[in-house]
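Only one chain is given next, in structure tokens, and it is the form predicted alone.
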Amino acid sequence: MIEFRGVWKSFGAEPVLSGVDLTVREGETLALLGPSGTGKSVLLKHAIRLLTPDRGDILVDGVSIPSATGGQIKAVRRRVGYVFQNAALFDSLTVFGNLALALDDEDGHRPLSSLRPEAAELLRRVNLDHAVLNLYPGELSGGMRKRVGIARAIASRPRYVLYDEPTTGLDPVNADIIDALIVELARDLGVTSIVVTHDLESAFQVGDRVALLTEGTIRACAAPEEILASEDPVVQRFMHRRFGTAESTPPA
């Protein structure tokens, strides 16, 4: 379980998060929506201490992330896969090298030859050919880099996966493949996930619950059908702008 308790964060004089309270239940996928620049990615980064709050607490499996020791943070990060917006691949390594870092055990004892079939299978799951293993990130399109980043995030079979805009920049076919993968990981492996997205169709496809972050706080958090039925004018306006009608229903 991941818990955000009264999380505040400012950059200079600019407040971004203003007392966020949010619990992500064990085994669920939470889709986190909100206007651009409202702090969705900022909130996500707090879960593995890429950022620290000005006030408040974040707990992962009961461990307080802001006050955790280096050893505790390392242990938490080994249980969490993180999908960065820009993939964040190591440019000096091939795709195989990037995946091998995540596939290898903590002590680096596994021979590289034993990792290659697993790396190829990871690429298959994100709709990439095994030949991509030999390429460098600079030789890939933006969408391909994004999919390699997702493959790396799930390589260690994490307990949690944090997705920062996983389908942005992907064509509809590959976006659907990634959505299906998110659902599959939750269903078959019990992975707990937060999916930050601007794509409402994706959010309603993958989310057990949908949360709306706006003006620094969680305005609503409920099952997709409850979000669509909300009478909160802020929620209604957000859904109307995205779906085009306040009476829209989630995608089938």
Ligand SMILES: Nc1ncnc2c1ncn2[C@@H]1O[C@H](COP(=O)(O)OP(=O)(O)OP(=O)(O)O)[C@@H](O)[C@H]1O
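Residue numbers run from 1 along the displayed sequence. Computed from a predicted structure; not experimentally measured.
Omitted from view is the form predicted together with this ligand, to which the following refers.
Here the marked residues 90, 141 and 167 all miss this ligand in the predicted complex; none has a heavy atom within 4.5 angstroms. In the predicted complex, none of the heavy atoms of residue 156 sits within 4.5 Å of a heavy atom of this ligand. Remark: residue 59 does not count among the residues lining this ligand in the predicted complex, judged by a heavy atom distance of 4.5 Å or less.
Although the partner is absent here, residue 42 sits close enough that one of its heavy atoms falls within 4.5 Å of this ligand in the predicted complex. This ligand in the predicted complex is not approached by residue 70, whose heavy atoms all lie more than 4.5 angstroms from it. Heavy atoms within 4.5 Å of this ligand in the predicted complex belong, among the stretches 28 to 36, 182 to 190, 201 to 209, 219 to 227, to residues of 28 to 36. Within 4.5 angstroms of this ligand in the predicted complex, the stretch 79 to 96 places a non-hydrogen atom from 85 alone.
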